[in-house]
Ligand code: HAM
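Next up is one chain by itself, shown in structure tokens, the form predicted alone.
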């Protein structure tokens, strides 16, 4: 057998049943939270035009996209995130829909990253976007929704790292730094390369006063939001728009706390995210057991304009389903993955196979997972294998029992069995 047949493409994974079940469990929770908050699902293509996806994802992400020409010679790419696709939808087919628009997506994404702990080339995310409101209450809603999702899946001790790109961008704009240079500076900050970011700012013409302000801001962080905001406000008091940005962040936090969001907030004045389209509040989700973000989001008010859809402000968040599953595993959380009752119906001979299928069908109609023994094993061998597979109950059909309208019900977990009337079988399986 060729070696290529034995393994997945690097960075891709096979998810075995238990792993797939965990992923789908978290996906189910993201759907529940979407429904409770009024977010309706949209489904966009995995393959999009390269120009669309490359427009505002940032230089680093552009380098990591899976890009190819289709048979028509068009340059296309596998989506590296959801927001560009959903923004395209809002700018075109949903442009005239009443606002606000609350949209939800979930599925697989693709980036050519170096595979490592918690980082894959094919990964799963959920995505929540709120379009149409520029008010701080929209940002607060996204924080509340994210907090509710973390609670719903059972995550513990999580915290939000939060900032506002308007603070740094307004200082750089005031200093005359072009947007493309600002993007490069923010990319360096996202990679924690603060000295390189300051050097680029200096080479971009930022004054010594501006550099001192930036340097001081990059040192401000803490988990007392009010104190951190006061410190930032003091540093930017001579930059009116940067001051407005931090006041906006203060109002968002106040509203989020009023909504019941009780996640620990770590404010960081030098916080940046790799995507270029952010214009306001940004945040990421962390747990102490992992040094990678479990998801993140923020405000982007100009992306719809890039796609020709007019001025439609927006804010959103994208929790990583793979990483949430990994975080739960790191915390030792045992997931309750639904129905634990599983039934195997075993006929003692092939003449009773038809009856076995009838009993199996009856159980399924009552919502009980059931299967018929299809390997031709003896009863003892079938019971032994069922136990290994985590089957909780076995229904054994013999000629005498069938004639009397009865079955033998074996409780594999409890190591006991009983003969019950077929009419009472479903209520006996506990």
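Everything numeric here is computed off the predicted structure, so don't read it as measured data. Numbering follows the first chain given and starts at 1.
The following text describes the form predicted in complex with the named molecule, which does not appear among the structures shown.
J.: Using a 4.5 Å heavy atom cut-off, state whether residue 105 contacts the named molecule in the model of the complex.
T.: The answer is no: residue 105 has no heavy atom within 4.5 Å of the named molecule.
J.: Evaluate residue 177 for contact with the named molecule in the model of the complex, applying a 4.5 angstroms cut-off between non-hydrogen atoms, and reply yes or no.
T.: Looking in the model of the complex, residue contacts with the named molecule do not include residue 177, since no heavy atom lies within 4.5 Å.
J.: Hey, in the model of the complex, is residue 119 touching the named molecule, heavy atoms inside 4.5 Å?
T.: Flag for residue 119 set to yes.
J.: Taking heavy atoms only, is residue 337 within 4.5 angstroms of the named molecule in the model of the complex?
T.: Although the named molecule is absent here, residue 337 would stay clear of it in the model of the complex, with no heavy atoms inside 4.5 Å.
J.: Taking the named molecule in the model of the complex as the reference, which of 317, 140, 348, 94 has a non-hydrogen atom within 4.5 Å?
T.: Contact residue from the list: 317.
J.: Since exactly one of 147, 276, 268, 81 fits, which has a heavy atom within 4.5 Å of the named molecule in the model of the complex?
T.: If I apply the 4.5 Å criterion carefully, the residue I get is 81.
J.: For a quick test of understanding: in the model of the complex, does each of 158, 249 and 261 have a heavy atom within 4.5 Å of the named molecule?
T.: Result no, not one residue of the spot touches the named molecule.
J.: Looking at 219-227, 340-348, 204-212, 290-298, which lies within 4.5 angstroms of the named molecule in the model of the complex, counting heavy atoms?
T.: Single hit among the candidates: 290-298.
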